[in-house]
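Next up: just one chain, as structure tokens, the form predicted alone.
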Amino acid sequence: MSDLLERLRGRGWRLTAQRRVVAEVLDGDHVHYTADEVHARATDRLPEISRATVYNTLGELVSLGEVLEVSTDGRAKRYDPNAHHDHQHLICSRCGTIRDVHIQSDPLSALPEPERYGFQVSEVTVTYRGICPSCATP
């Protein structure tokens, strides 16, 4: 069983066939699908699942804090099931591919105290951008 399915069961979230299929689609390393991609993969497993059900389920998963909604440069939102694992993102500027990366140091330490302007920083999000190997190959 996937980490996401285990977390949802642990919460007592009612796993209908549709919700289960959406959670199964999101299972895996470096998964960052758009809602349409989730729907396309879900219909392979459960042909009668509607687009509205997929969108509603993704919205519930985000509200529960079990899936992260990742927005990048005006592209379609993507959904990341690694909500409980500290990580940042590496994004291809051409095709939009997203990979999870794990920073070895505390990203907050890179922000000197004077540059915090009295803020009590509660969250740091680092996004790396570049060109993926597929796009870099002519």
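Residue numbers run from 1 along the displayed sequence. Throughout, rigid core stands for the largest set of C-alpha atoms superposing within 1.5 Å between the two forms. Given the structure is predicted, the values throughout are model-derived calculations rather than measurements.
Separately, the form predicted together with the DNA exists; it is not shown, and the next lines address it.
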{"property": "One stretch from 49-57, 97-105, 23-31, 83-91 that, in the predicted bound form, holds residues within 4.5 Å of the DNA by heavy atom", "result": "49-57"}
{"property": "Contact of L15 with the DNA in the predicted bound form (heavy atom, 4.5 Å)", "result": "yes"}
{"property": "Proximity of A76 to the DNA in the predicted bound form, heavy atoms at 4.5 Å", "result": "yes"}
{"property": "Contact test in the predicted bound form: D44 vs the DNA, heavy atoms, 4.5 Å", "result": "no"}
{"property": "A35 within 4.5 Å of the DNA in the predicted bound form, heavy atoms", "result": "yes"}
{"property": "Contacts with the DNA in the predicted bound form, stretch 83-109 (heavy atom within 4.5 Å)", "result": "none"}
{"property": "C-alpha of R9 off by 2 Å or more between this form and the one not shown on rigid core", "result": "yes"}
